[in-house]
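Below sits a lone chain in structure tokens, taken as the form predicted alone.
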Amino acid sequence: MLKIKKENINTLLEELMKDYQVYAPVKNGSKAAFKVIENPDDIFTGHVKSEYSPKSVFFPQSEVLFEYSKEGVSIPEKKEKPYLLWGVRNCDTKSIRMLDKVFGNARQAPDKDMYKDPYWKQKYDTSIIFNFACNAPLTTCFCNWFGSGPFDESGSDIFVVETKDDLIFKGISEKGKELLKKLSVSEISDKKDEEAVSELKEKAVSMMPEVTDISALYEKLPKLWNEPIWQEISSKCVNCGACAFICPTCHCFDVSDEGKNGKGKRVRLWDSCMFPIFTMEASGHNPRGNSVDRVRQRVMHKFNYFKDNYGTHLCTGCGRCVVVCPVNLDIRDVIKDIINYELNKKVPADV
């Protein structure tokens, strides 16, 4: 492993900025969001985890796919350096790898290739992710439910641990290891550094909530399709879509044409299955016209459909939806309620 004194971090970032377009958490009002930095001092360090996930780096909230006119179609040129993400936490590193399954290497079944999104791939494929360990997880974090943890290295290109005086770097992927070899401001870590990392890891793991066994979740969900539990869960939801827009793994989108006078552009925009109009058909029929249907769809997609297709739940336990929900509909409670639900439960009679 390598290390760098905190006093030399700006020098390191300036070196990285020569070859990469560096994204890091910056202040967005009172919160933190991932933006391109022009100066290392722009980085907002007063947070544990950014309030907004870095998925927008690769999957922007609004993205022009192409422009058109009477003369033809043109794709906007992107003459950019490779992307480098600094200060990412493992829940977000994991979410980006999940989204790459959808946009970068989509499939619905083994041996059946699907379309590879060029807009995603041109940004993602050459990117580098500096994944930072979480020394102080929040009370809303539950990544350990999904086999992860505050010091999970999986998915990282370079894994980073912040100690009192240093940043400790560990190359995980091949391109991460190659980049570490090129850094001129680092030195070899020693046994004392390893001991500091172990102490920080032990403390962070002890701060995590008790693990809930979710092994039954995937198998149980299809059996609950017509059960009254969905009315119970959805009765609280106001279908605002805040959970979907703050979620690092949600990836629903709409495509809109904007233009007039013979020219325009086609734009991809974030959307949400929680919105009533999301499944509205041209005939006027809406197969998910009720809130209960939309809530069921969201839960089924995250914990059943996505696992069918890609072998993993579409949730990293980041806890952002827990924080942002205006009616305190806690996804952790939803998961527990589903696991503990008694099949064929009777609907209480009206009094």
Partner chain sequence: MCNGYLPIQMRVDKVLTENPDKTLKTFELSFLKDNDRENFKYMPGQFCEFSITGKGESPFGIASSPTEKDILKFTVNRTGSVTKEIHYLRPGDIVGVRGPLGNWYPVGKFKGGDVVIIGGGFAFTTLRSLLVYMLEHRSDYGKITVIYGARNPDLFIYKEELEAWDKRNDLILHLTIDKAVEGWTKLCGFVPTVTKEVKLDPKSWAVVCGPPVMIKFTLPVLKEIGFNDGMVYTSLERRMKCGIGKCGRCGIGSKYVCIDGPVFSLEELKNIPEAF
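Numbering follows the first chain given and starts at 1. From a predicted model like this one, the values you see are computed outputs, not experimental measurements.
Keep in mind the form predicted together with its partner chain is missing from the figure; the text below concerns it.
Legend entry - Contact of Val255 with its partner chain in the predicted complex (heavy atom, 4.5 Å): Answer yes; at least one heavy atom of Val255 falls within 4.5 Å of its partner chain in the predicted complex.
Inset, instruction - Report yes if any heavy atom of Thr312 sits within 4.5 Å of a heavy atom of its partner chain in the predicted complex; otherwise report no. - result: Although its partner chain is absent here, Thr312 would stay clear of it in the predicted complex, with no heavy atoms inside 4.5 Å.
Inset, instruction - With heavy atoms only and a cut-off of 4.5 Å, decide whether Phe278 touches its partner chain in the predicted complex. - result: Close contact exists here: in the predicted complex, Phe278 approaches its partner chain to within 4.5 Å, heavy atoms only.
Legend entry - Contact of Val26 with its partner chain in the predicted complex (heavy atom, 4.5 Å): Because no heavy atom of Val26 falls inside 4.5 Å of its partner chain in the predicted complex, the answer is no.
Legend entry - Partner-facing stretch of 190 to 198, 172 to 180, 69 to 77, 153 to 161, counted where any non-hydrogen atom is within 4.5 angstroms of its partner chain in the predicted complex: It is 69 to 77 that comes within 4.5 Å of the partner.
Inset, instruction - Name the single residue among Lys81, Arg97, Lys220, Lys121 that comes within 4.5 Å of its partner chain in the predicted complex, judging by heavy atoms. - result: In short, Lys121.
Inset, instruction - Would you kindly say which of Met114, Val185, Val205, Val211 lies with a heavy atom within 4.5 Å of its partner chain in the predicted complex? - result: Going through each option in turn, the one that passes is Met114.
Legend entry - Joint contact, Lys6, Asp41 and Leu167 to its partner chain in the predicted complex, by non-hydrogen atom at 4.5 Å: So, no: the whole triplet misses its partner chain.
Legend entry - Sequence-ordered residues of 137 to 163 touching its partner chain in the predicted complex, heavy atom within 4.5 Å: The stretch does not touch the partner at all.
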